[in-house]
Ligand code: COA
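Below you will find one chain, with nothing else, as structure tokens; this is the form predicted on its own, and questions on how it binds or moves follow later.
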Amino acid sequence: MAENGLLEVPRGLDKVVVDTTSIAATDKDGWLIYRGYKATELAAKLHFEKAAYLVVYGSIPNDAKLKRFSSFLESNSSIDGATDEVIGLLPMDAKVIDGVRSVVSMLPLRQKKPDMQMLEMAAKMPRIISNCYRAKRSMKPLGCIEGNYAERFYYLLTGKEDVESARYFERLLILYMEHEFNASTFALRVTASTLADPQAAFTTALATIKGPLHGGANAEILNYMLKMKRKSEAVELVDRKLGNKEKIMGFGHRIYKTMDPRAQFIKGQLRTLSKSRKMGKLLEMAEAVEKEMWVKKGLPANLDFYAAIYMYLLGIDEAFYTPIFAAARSFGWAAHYMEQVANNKLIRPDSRYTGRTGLKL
């Protein structure tokens, strides 16, 4: 107990419970669960819309509810001409995630209710991401195609109508969808607790997810993996970076100390995907890095490590990696926004002052 009756907790709120949630958690066996279901099981068996409905509303929808939800996402997925004009004015050297954040902050919304505004922004994310990317490259926006959320999103990223690849992509989206009080979600809840509007909360989360310690690590992972040609180089890279006291992105997690089940699920998917893409050596090198990091540092691979390779094999440009994470996580943000405002209390911690006192002019 600190002075004045305040409770002093670890920096970074490590192992500190700040509130309750019924949306997601890591259970006693180390499995990430969404509303009581293992996230990996949902990724294996459900389409994205059904898993998203579960996260947002707390139950697996019947056919009628799923149809209405899917229809809402599709009908709210477009952006108006004025927004596209703004996208065209973004700096050419801006990262896609920066463009997405700027566009979302000024996006005209049709929905009036706050919860539906959160979902409207989530529905528009694939289109905003695609158009921001293409505008930077002086490419015309892609049209629309028939299909589910993952198929439409995959097309907007690659320009390809490929149901099989979209299904692989969909599994990753589901695993990215939610992860309890992660940095971007907690930041969103802080903003929501001030009773700011949904757009402000959503923008806060987008700003937070860019950081390399949260959502921005997967691009760096791909960069160093593609430079290697054999497993021995993978081991040498780990040893060299550790010797230089450099951080190797894609390893370690605040929650998962021995295994990230999401990473292992995607690695399992990669075994099939890498064979069909004739890229088995890339997976071999990744597993060599994973093994060496466990031996030398006792750190497990996290989802970002294998997700970077996974998206590369699906033909998705590296510039999309962090925005994809944001698009999937936006459904988790919607659930947390609703949960926060339904039982709101301003999130306003105290601090312990360590500066000078008693100064006079």
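What you see is a predicted model, and the numbers here were worked out from it, not measured in a lab. The first residue of the shown sequence is 1; numbering continues from there.
Keep in mind that the form predicted together with coenzyme A (COA) is not shown, yet the notes after this line are about it.
**Student:** If contact means a heavy atom within 4.5 Å, which one of 192 to 200, 141 to 149, 243 to 251, 120 to 128 is the stretch that engages coenzyme A (COA) in the model of the complex?
**Tutor:** That would be stretch 243 to 251.
**Student:** In the model of the complex, does residue 32 have a heavy atom within 4.5 Å of coenzyme A (COA)?
**Tutor:** No, residue 32 sits far enough from coenzyme A (COA) in the model of the complex that none of its heavy atoms falls within 4.5 Å.
**Student:** Taking the shortest heavy atom distance, is residue 299 within 4.5 Å of coenzyme A (COA) in the model of the complex?
**Tutor:** Answer yes; at least one heavy atom of residue 299 falls within 4.5 Å of coenzyme A (COA) in the model of the complex.
**Student:** Mark residue 212 yes when one of its heavy atoms lies within 4.5 Å of a heavy atom of coenzyme A (COA) in the model of the complex, and no otherwise.
**Tutor:** Yes, residue 212 sits close enough to coenzyme A (COA) in the model of the complex that at least one of its heavy atoms falls within 4.5 Å.
**Student:** Taking coenzyme A (COA) as it sits in the model of the complex, is residue 257 near enough to touch it, meaning that at least one heavy atom pair lies within 4.5 angstroms?
**Tutor:** Yes, residue 257 sits close enough to coenzyme A (COA) in the model of the complex that at least one of its heavy atoms falls within 4.5 Å.
**Student:** Answer with one of 311, 54, 293, 327: the residue that has a non-hydrogen atom within 4.5 Å of coenzyme A (COA) in the model of the complex.
**Tutor:** It is 293.
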